[in-house]
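In structure tokens, the next block holds one chain alone, the form predicted alone.
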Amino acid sequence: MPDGAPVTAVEETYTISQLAEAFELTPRTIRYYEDEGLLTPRREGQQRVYTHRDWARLKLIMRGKRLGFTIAGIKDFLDLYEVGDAQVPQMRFLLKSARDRITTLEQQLRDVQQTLVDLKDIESLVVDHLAKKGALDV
């Protein structure tokens, strides 16, 4: 994933193909993010024109997806950037979202750990049973 958009004195613009390539996405995925209101490129005729703002928003979208946030949650966070106010509302929202996600992941981790314990118990029982029958191949 790219670290940042190139910076020039003149506003750099990007095509959907350039963004797709830079972020290793398909154009269809970028259009989906548009449909969901996460990106709002301007139009020049039929062509979408993306700016540095769109690049930055796409970078945040990708980070949110990687961290397991829903599209709706990412949209809520991005919408707060439109409000301004020294980013306090979005930081509070992000803090709550991150804490909620941590709680969910910790529960999933406990569930996976318990599942592993259960599977290892089953494995042990089956190995013992097969060994007693002289049928243990592995």
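One rule holds for the numbers: they count along the sequence shown, beginning at 1. Not measured: the values here are computed from a predicted model.
Keep in mind the form predicted together with the DNA is missing from the figure; the text below concerns it.
Using a 4.5 angstroms threshold between heavy atoms, residue 96 stays clear of the DNA in the predicted complex. Within 4.5 Å of any heavy atom of the DNA in the predicted complex lies no heavy atom of residue 51. Although the partner is absent here, residue 124 sits far enough away that none of its heavy atoms falls within 4.5 Å of the DNA in the predicted complex. Proximity of residue 80 to the DNA in the predicted complex: non-hydrogen atoms within 4.5 Å are absent; the residue sits far from the partner. A heavy atom within 4.5 Å of the DNA in the predicted complex is found for exactly one of 103, 113, 26, 87: 26. Picking from 32-40, 104-112, 52-60, 88-96 the stretch near the DNA in the predicted complex, with a 4.5 Å limit on heavy atoms, gives 32-40.
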